[in-house]
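The form predicted alone is given below as one chain in structure tokens.
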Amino acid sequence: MLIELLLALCLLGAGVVFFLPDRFAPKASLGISLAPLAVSLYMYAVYDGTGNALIDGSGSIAFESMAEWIAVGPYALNWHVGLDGVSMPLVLLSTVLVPLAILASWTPIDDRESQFYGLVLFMEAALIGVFAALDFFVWFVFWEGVLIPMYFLIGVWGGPRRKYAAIKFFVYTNVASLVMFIGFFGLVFGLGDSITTLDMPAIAGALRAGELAALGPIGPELLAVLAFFAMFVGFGVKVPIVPFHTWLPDAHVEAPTPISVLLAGVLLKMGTYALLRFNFTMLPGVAQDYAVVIAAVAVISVIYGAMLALAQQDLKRIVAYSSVSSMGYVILGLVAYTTYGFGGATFQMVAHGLISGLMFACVGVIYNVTHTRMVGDMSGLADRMPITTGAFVAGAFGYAGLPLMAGFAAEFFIFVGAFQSTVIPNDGMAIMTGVAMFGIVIVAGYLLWAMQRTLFGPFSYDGDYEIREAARHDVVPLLTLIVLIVALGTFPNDIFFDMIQDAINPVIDMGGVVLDYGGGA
């Protein structure tokens, strides 16, 4: 019942904070957010999962609980939650980033604070639910539940174009959910009488067993392909992959910076997590058959995202577009279909969550002090903001893959897995990986350019505010994230990678078993 306890703490805390007087909300929300963090750390310490949550018989799921709920037509909808080595790190990432984002909100948020912090805690519950749910209906409720607080957090507390950005975010992600929903239920209806539940492990098992049948005039093989790409597009918008990325820069630029921390740190991981769970676990044959297309999308996202970042003047847009590039590496690791590729992709979700969180937090601190994010409006801040400068440099090096940092470990795992991959004949994956690696060079280029222009060189500032170091409550998130990034990069196996491998190895082991669909009734 520990997952239920996590959800209850977040939801009850959100309700309490929402109705508190504004002056009590910041500290109350921080105190409440530390409770889920403590519970998740305890869960990590006692975690004993050994298999993949969607593959029956591969091992055990940690903290699993199931209860009958309701029936809709022939389908039973049950409360089913549990964690494996893929979802446990992401739950921990969520509970770590939320209190840090709350701390980072103390300076910029000074209006309707109770509602702001209440929505943040509500969103934390939805995020934990997405990573823990094992029944599709429960998962979909949490998936959509994330959209509501994010819409208001951007639309109410955002920048001058906040309404446009919030509506664009909501339309993109809501339409994507509909496309995904159609694709998934195409599979469910195609499974026919072999499935009487929306339990995700049961559906994954039936698909892997080749029980998918024709749906009307659509044969099982075509149905599997159509469903795969419907879900790929639906989840790809959330990642986001090129060309569905255009909502992301607007959302980041207009959102309050602490919300950008959560958006890049956790929300984008919902898309890659869902791709892993649904596309690459339930339909491994289609994923491998169309590996060329998926790998091409990944490489384009890496290079195009990096090039767009290179062309920006706004620090927030630079970090936002770099997220598009980094998420391309995750897709590349997944499509490689190797132990290191899958493991590296999952590890990159956590590593990028911490590094992008650090970068957005730094941009937020700089904006709080200078009231500008434009690179050309400031230079030489290092002497007056040494701690923030050090944090920005650490984040930039993390993005660039400096050894002993989380980004290096994640990308190293992905590249090893991609070069080992044989899903594309004639060394096609190795060639695409080589091209994608140029993204690191571009990343290093634009981050060094931004650092040199804003932090170093002679001091120059086109504004009326006193340039000083950040407040202590702004510095704490920066230092905490640096420690976590270095720890994850120095001891990747001890902290997460071994745990992740236990969960993804069953997917790899069974990936080659079922390459064809159909044959069902």
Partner chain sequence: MAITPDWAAMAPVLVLAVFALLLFVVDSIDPDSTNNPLLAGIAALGSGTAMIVALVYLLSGVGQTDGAISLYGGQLVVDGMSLLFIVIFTSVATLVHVGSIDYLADLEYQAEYYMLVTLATLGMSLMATAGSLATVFVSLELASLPSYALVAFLKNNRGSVEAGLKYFLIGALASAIFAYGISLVYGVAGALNLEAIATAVAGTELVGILGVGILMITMGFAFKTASVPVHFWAPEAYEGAPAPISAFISSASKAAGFVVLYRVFVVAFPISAVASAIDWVLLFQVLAIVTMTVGNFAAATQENVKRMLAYSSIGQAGYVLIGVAALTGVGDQSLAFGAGMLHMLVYGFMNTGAFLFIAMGEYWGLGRRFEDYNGLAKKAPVACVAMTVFMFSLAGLPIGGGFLSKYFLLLGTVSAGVWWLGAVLAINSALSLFYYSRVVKAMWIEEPNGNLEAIDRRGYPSGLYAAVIVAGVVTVLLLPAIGLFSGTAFDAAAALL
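Note that the coordinates shown come from a computational prediction; the quantities given were computed from them, not determined experimentally. Residue numbers count along the first chain shown, from 1.
The next section is about a form of this same protein that is not shown, the form predicted together with its partner chain.
If you check 214, 178, 374, 293 against its partner chain in the predicted complex, which one has a heavy atom within 4.5 Å?
The residue in contact is 178.
Exactly one of 449, 75, 419, 438 has a non-hydrogen atom within 4.5 Å of its partner chain in the predicted complex; which residue is it?
Exactly one residue meets the criterion: 75.
Is it true that 69, 144 and 162, all three, sit within 4.5 Å of its partner chain in the predicted complex, judged by heavy atoms?
Yes.
Could you tell me which stretch in 164-172, 335-343, 383-391, 409-417 has residues with non-hydrogen atoms within 4.5 Å of its partner chain in the predicted complex?
Contact-bearing stretch, as computed: 164-172.
Applying a 4.5 Å heavy atom distance criterion, does residue 137 contact its partner chain in the predicted complex?
Contact with its partner chain, yes.
Using heavy atoms and a 4.5 Å limit, would one call residue 397 a contact residue for its partner chain in the predicted complex?
Flag for residue 397 set to no.
Does residue 151 reach its partner chain in the predicted complex if we count a contact as any heavy atom within 4.5 Å?
Contact check for residue 151: yes, within 4.5 Å of its partner chain in the predicted complex.
Please tell me whether any heavy atom belonging to residue 367 falls inside 4.5 Å of a heavy atom of its partner chain, as the geometry stands in the predicted complex.
The answer is no: residue 367 has no heavy atom within 4.5 Å of its partner chain.
At 4.5 Å, heavy atom to heavy atom, what parts of 180-197 sit next to its partner chain in the predicted complex? List them in sequence order, or say none.
Sequence-ordered list: 181, 185, 189.
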